[in-house]
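Let's start with one chain on its own, the form predicted alone, as structure tokens.
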Amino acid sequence: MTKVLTDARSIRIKGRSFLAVVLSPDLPFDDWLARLDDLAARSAGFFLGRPVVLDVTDLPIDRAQLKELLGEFSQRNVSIMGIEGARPSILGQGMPPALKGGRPVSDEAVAKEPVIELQNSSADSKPAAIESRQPLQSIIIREPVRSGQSVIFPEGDVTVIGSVASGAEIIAGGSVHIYGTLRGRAMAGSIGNASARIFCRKMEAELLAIDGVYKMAEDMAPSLRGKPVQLWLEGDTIMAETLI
């Protein structure tokens, strides 16, 4: 007797993209890890629960060195989801999978289904999410961004009508505009946009980044603190000036 499987539930397979941090270490690793520790110490929770890709493209290392580096990440509670640019000969069992073809963002995905995420890492707070089926180049958040929340929008600019609390973060593919006090983290040009800028009405930031170049608040001129500021990138240097 032939059994017709008409009542079985189908397996649904979908494509989905996630915004990941890409770490590209330099040799010697000890010096690079010291800089990583400095970033983590001055921006608590930066890597907590965040997907991280390790890019070792063109690094002259062997399997033992890669394994040792992965061990250093493990000790720091940094979870590596995949390794990019690694020669097959240096990959081994128990290591994260090799990744290929990584791009800052999929043009098709942006055109068809851009997603704006407002994430909250606090278990006691209700996470919010806004999803749009139309291509967008900017979004406006009309309320303060609270500690533990992340606003992630790789498709363009983010404007916050309010303040960004300490422990919160804004990640934009374009520029970041904050019409209140910036006490948390702001990362502009997150998918590779060196022309992106950061604007805020009152600068009290924990961390600032443009196109992957970051600066901690204490590394900035004291004269900028508490002032309306714009920041932009010149080469590998973040420049800043007060706004009148």
Partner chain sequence: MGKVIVVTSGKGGVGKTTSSAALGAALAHKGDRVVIVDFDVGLRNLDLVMGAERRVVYDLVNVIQGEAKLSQALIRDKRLETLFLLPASQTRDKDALTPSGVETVITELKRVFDWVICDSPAGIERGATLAMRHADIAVVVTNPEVSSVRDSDRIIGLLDAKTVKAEQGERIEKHLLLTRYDSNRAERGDMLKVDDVLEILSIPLIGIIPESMDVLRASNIGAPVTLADARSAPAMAYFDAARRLAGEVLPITIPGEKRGIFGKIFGRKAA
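Computed from a predicted structure; not experimentally measured. Positions refer to the first chain, counted from 1.
There is another form of this protein, the form predicted together with its partner chain, and it is not shown here; the text below is about that form.
The shortest heavy atom separation between residue 183 and its partner chain in the predicted bound form is within 4.5 Å. Though the partner is left out of this view, residue 165 does reach within 4.5 Å of its partner chain in the predicted bound form, counting heavy atoms only. Taking the partner from elsewhere, residue 147 is found to have a heavy atom lying within 4.5 Å of its partner chain in the predicted bound form. Residue 202 belongs to the set of residues with a heavy atom inside 4.5 Å of its partner chain in the predicted bound form. Of the stretches 210 to 218, 28 to 36, 57 to 65, 175 to 183, only 175 to 183 has residues with a heavy atom within 4.5 Å of its partner chain in the predicted bound form. Taking its partner chain as it sits in the predicted bound form, the stretch 62 to 80 never comes within 4.5 angstroms of it through any non-hydrogen atom.
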